[in-house]
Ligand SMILES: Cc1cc2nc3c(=O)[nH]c(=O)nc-3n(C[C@H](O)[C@H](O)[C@H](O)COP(=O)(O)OP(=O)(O)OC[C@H]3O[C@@H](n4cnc5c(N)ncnc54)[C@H](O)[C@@H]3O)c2cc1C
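Encoded as structure tokens, the following chain is the form predicted alone, with no partner shown.
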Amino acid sequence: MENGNSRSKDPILIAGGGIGGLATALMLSRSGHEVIVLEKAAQFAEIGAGLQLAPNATRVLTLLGVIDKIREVGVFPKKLRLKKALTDENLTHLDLGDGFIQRYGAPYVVMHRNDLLRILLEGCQEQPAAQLLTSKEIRTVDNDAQGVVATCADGTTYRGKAFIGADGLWSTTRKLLSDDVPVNSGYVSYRGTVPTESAASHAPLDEVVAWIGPGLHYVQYPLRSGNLYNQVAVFKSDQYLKGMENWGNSEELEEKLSVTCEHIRKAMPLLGRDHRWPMYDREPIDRWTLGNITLLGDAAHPMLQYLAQGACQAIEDAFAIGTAFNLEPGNVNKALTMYEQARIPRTARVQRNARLWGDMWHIDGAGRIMRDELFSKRDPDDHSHIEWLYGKRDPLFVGD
């Protein structure tokens, strides 16, 4: 194939206008690359509520020039705290104050997913090199001698020098590289927000708190400068294990969390019930790129939520692929190889550790007793378990 040195002025096509896709579009367009974002929905929007951004992501967002807008709507918690879901006892915490920020070079932020998407969208709209299109569902994408050609469901076609599939967990682009399918963890999530003044039971408004217990957990933290309160309940569904069709329903939610502490039970009535999110990930794969087509974000490395790194890793991807194109502006194959080799080892480690962390949160029996003792004896200044994840890295975020 003769597309190793595709014409530098041809656009880079991005399938998917979520957080990863728009962060990538902003990174590339700010560097002068022509970008076309093809979003299948009728508008740019995020499903869900709260989002946690660790310093490995906020460092990138600072470099992208959007951190000031994030400060206007985000919340900068002082602590991450773990508690026992059954008794409300403290287990351990991580201080997110000045020492944390100095150590990692950026803050920890919690915010509404739609707020971040809006900020990234506005950033892209300010870039003349970025074209943002909606109602563009990708049907096919092919390499050819000049680069790539993408065809949409409405019959339109787009030519570019590269194609980035940022099309999520159920990625169409990924099918070009792997026949794998998402892995259902058997856990289901319910989440939503309420006005803070309406929250019947909430944790301190300067903390992110997770209550962990056997086969379940509950999370609370503030959003939108403290005006909204985010709640998430997660549990392992016995109905799923039995093969029931309507598994993980609101009745099972009530049953599973009925054993939790008073704080959670008082908060539960205001938890959103109109939508449930089964929790999926995939096994890591060792190749994301085919010719001038590559993957990014959940299309490349979908992960369980326990490390709060799904969006963070997509933002890292955006910076890495933008850096690769800046280093190799005339050679798409080299840029994508550089990006893939840098990102696959790190994201695979995050995927596997997210599963491990979930197992640790939800363990019962003797394992739970050992975990609680270990956490309760942890020095709050011990960063050994997160330094690899949050710590400063080179521009391509090369994995360990």
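Don't overthink the numbering: it's just position in the shown sequence, from 1. All figures in this text were calculated on a predicted structure; none of them were measured in a lab.
Keep in mind the form predicted together with this ligand is missing from the figure; the text below concerns it.
task: Using a 4.5 Å heavy atom cut-off, indicate which stretch of 28-36, 354-362, 338-346, 46-54 touches this ligand in the model of the complex.
output: Of the options, only 46-54 has residues within 4.5 Å of the partner.
Any non-hydrogen atom of Ala166 within 4.5 angstroms of this ligand in the model of the complex: Within the cut-off, so yes.
message: Just checking whether Arg191 would be counted as a contact of this ligand in the model of the complex - the rule being heavy atoms within 4.5 angstroms.
response: It does: once this ligand is placed as it appears in the model of the complex, Arg191 has a heavy atom within 4.5 Å of it.
- prompt: Do Gly310 and this ligand share at least one heavy atom pair within 4.5 Å in the model of the complex?
  reply: Yes, Gly310 lies within 4.5 Å of this ligand in the model of the complex.
query: With the cut-off set at 4.5 Å between non-hydrogen atoms, does Thr172 touch this ligand in the model of the complex?
result: Judged by the heavy-atom cut-off of 4.5 Å, Thr172 is in contact with this ligand in the model of the complex.
- prompt: Tell me, which of Leu257, Met279, Ala324, Leu223 has a heavy atom within 4.5 angstroms of this ligand in the model of the complex?
  reply: Flagged contact: Met279.
- prompt: Considering Lys79, Arg265, Arg103, Arg113, which brings a non-hydrogen atom within 4.5 Å of this ligand in the model of the complex?
  reply: If I apply the 4.5 Å criterion carefully, the residue I get is Arg113.
- request: Any residue of 126-164 with a heavy atom within 4.5 Å of this ligand in the model of the complex counts; write them all down in order.
  value: Residues within 4.5 Å: Lys136, Glu137, Ile138.
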